[in-house]
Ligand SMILES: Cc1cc2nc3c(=O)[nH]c(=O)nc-3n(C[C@H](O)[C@H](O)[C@H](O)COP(=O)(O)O)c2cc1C
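What follows is a single chain, given as structure tokens, in the form predicted alone.
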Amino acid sequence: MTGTSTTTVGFMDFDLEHTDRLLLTTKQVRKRLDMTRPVPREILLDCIDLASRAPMGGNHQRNKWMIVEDPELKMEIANHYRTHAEPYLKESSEVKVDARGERVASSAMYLSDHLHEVPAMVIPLRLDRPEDLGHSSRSAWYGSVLPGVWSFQMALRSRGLGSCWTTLHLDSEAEVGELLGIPNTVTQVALLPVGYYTGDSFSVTPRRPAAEITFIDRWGQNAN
């Protein structure tokens, strides 16, 4: 864990202990989503409002959001998701992994089986399609929508809700788009199941230390 401090300097009036804890403990939640407790739409809209302040290229506000609450729509989307999740998870299960990998695989299977039960699905959208863009333009295109999705997840976490970044439904993007009336000129970038968190606390996400994954000036020249 990184060091934290509550010291304020000039305009830096944040409690770093709290902001660092939010960054350290926002994670993908699958098995601990409360499938029975409704999520007020106002909370989702508040989190989307916060997420919309994330950086975007040229400040072109071309991001949209879709909240899916209707049980029949959720079931149909979940069916599309499972169509792609089942072979993917079966293939993944045949690869030898450590105990942590087994837990992730188990939670992914659980989410696939119960996706239709989540209180809300949230689909971040962006106008236009990135397929014909060059590498730098495509990077800027995604860089104008994905930071907002992570902001959305952190805003949820700070309110006691969990979410999970999923993309498997995108292999049926056209079918889901037709189901929801999304024009084919609009790109779906993910699907986030959202629900209240049923755990006692959000633990720190385990990751390798920064010095092990950071190079200085040249590839392979470690920071430590």
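So that there is no doubt, residue numbering starts at 1 and follows the sequence shown. On a predicted model such as this, the values are computed, not experimentally measured, just so you know.
One more form of this protein exists, namely the form predicted together with this ligand; it is left out here, but the text below deals with it.
Residues with any non-hydrogen atom within 4.5 angstroms of this ligand in the predicted complex fall in just one of 66-74, 34-42, 52-60, 161-169: 161-169. Taking the partner from the other structure, this ligand in the predicted complex has no heavy atom within 4.5 Å of any heavy atom of residue 198.
Remark: residue 214 does not count among the residues lining this ligand in the predicted complex, judged by a heavy atom distance of 4.5 Å or less. In the predicted complex, this ligand sits within 4.5 Å of a heavy atom belonging to residue 111. Contact between residue 104 and this ligand in the predicted complex is found at the 4.5 Å heavy atom cutoff. Not one of 82, 141 and 188 comes within 4.5 Å of this ligand in the predicted complex, counting any heavy atom. In the predicted complex, this ligand lies within 4.5 angstroms of at least one heavy atom of each of the following residues of 24-39: 27, 28, 30, in sequence order.
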